[in-house]
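Here you get one chain, nothing else, as structure tokens; it is the form predicted on its own.
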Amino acid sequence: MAETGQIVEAGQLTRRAVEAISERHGEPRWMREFRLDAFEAFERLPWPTTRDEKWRRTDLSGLKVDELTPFAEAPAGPLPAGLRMTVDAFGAHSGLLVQRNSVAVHADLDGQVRERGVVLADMHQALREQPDLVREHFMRYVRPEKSKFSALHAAFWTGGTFLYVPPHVEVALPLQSYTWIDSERVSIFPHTIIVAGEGSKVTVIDGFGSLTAEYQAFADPIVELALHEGAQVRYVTMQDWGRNVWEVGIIRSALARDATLNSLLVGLGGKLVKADVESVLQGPGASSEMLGLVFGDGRQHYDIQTLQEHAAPHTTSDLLYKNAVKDRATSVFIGMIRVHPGAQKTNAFQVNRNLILSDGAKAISDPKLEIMANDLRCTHGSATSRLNEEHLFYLMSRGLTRAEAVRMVVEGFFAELFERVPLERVGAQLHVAVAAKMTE
């Protein structure tokens, strides 16, 4: 359980704050130096503005990270009811980690799974008990100098999940991790590393949430997935932050020969969310399915940028992202397929579809190709539509109210995603979440 008291106050994005966090966890010298080098990069790199191409559709001027504390303990007492209900909704699991603010508060792993060599731990425990594995993979795929926010994360990271699945081990039930914010004026920096050994198979559900509070909060998560030869990983990340939370996050995966990744990103909450989702196919025969569901309402702003990077021949990627927006919400999708020289026989598909439910809502889509090979098959496209009044009239003529008809259209819009995720409890959660959005 968490200790009491704060070690860092609000507004302390300083070298001393980095040192205090490292000291609190008794980190080895190499991690302390890594943090301090990242902090120097953070100070050196400029804050992104709408003048930068990558950020021109997302304005961060309202984010006051320097007024937030970069570390918050967990309040004493049992888990909040909202958090417990959310965790329980996903049903049976082989292991569960719960992080509250900046610290882990619960961890369990099925004994039989543990006996097979699977490691599931919060990152600080893993750093103590599996130092070589952590050092091999920590910030290997997302370098601190990648951006102002990756440097900030590398300097102040706290909590997160470390998962190692040994070669040829299959974990039957999902492993779950959940991160919850319930502290005022806090920034959190959870770091997740998933290492799937040769021929292993595992499903991971990664949840993020909070209740809406009066004060601003910020999340800067990074997820790194390393799939060794022939590994099969299904990774689901579901975010339902309160409307006071800003998020800038990165999910990056590296796939070796014949590895398969099935990923799903779900974006429901938050005030402003910007996420980079990147899949690098490094070995021949690697395959990546990238699915996304975003539903924005009110004045929510989502900016999702994806990368399908084919660095080896005979690789396949298949992306489908669906965004629905209503009220005055905005969704941005920027997708890139990049095929390296020599990556022949690539198959890459990218589709973004958007549904606008209100006159004040906006959906922006920009699919791209960067092709440096000549023997391949690549397709990309996007489509944006509004509610079809004729379709609504037909449904209402069958006895449905307008609200029921709109809900049916939205559920139909997302149905393809539901069908492509063979996790019954996740599908049920998504149906509930979409229905809740329609009544907000």
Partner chain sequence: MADLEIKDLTVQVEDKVILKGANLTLNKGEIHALMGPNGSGKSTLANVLMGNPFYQVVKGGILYKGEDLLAMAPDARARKGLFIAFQYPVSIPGVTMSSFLRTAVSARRGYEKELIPVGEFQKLLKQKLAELPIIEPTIVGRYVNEGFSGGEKKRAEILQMAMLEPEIAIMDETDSGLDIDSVKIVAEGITRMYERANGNMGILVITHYSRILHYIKPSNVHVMFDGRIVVSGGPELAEELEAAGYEGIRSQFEVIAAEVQHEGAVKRAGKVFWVEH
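None of these values were measured; they are calculated from a predicted model. Positions refer to the first chain, counted from 1.
Beyond what is shown, the protein has a form predicted in complex with the partner chain; the following relates to that form.
Considering the partner chain in the predicted complex, the lone stretch of 45-53, 30-38, 388-396, 63-71 in range is 388-396 [heavy atom distance within 4.5 Å]. The three marked residues, Q130, L133 and E145, fail to reach the partner chain in the predicted complex, with no heavy atom of any inside 4.5 Å. Among heavy atoms of G412, some come within 4.5 Å of the partner chain in the predicted complex.
The shortest heavy atom separation between E419 and the partner chain in the predicted complex is within 4.5 Å.
At a distance threshold of 4.5 angstroms between non-hydrogen atoms, T401 is in contact with the partner chain in the predicted complex. Using a 4.5 angstroms threshold between heavy atoms, M408 counts as touching the partner chain in the predicted complex.
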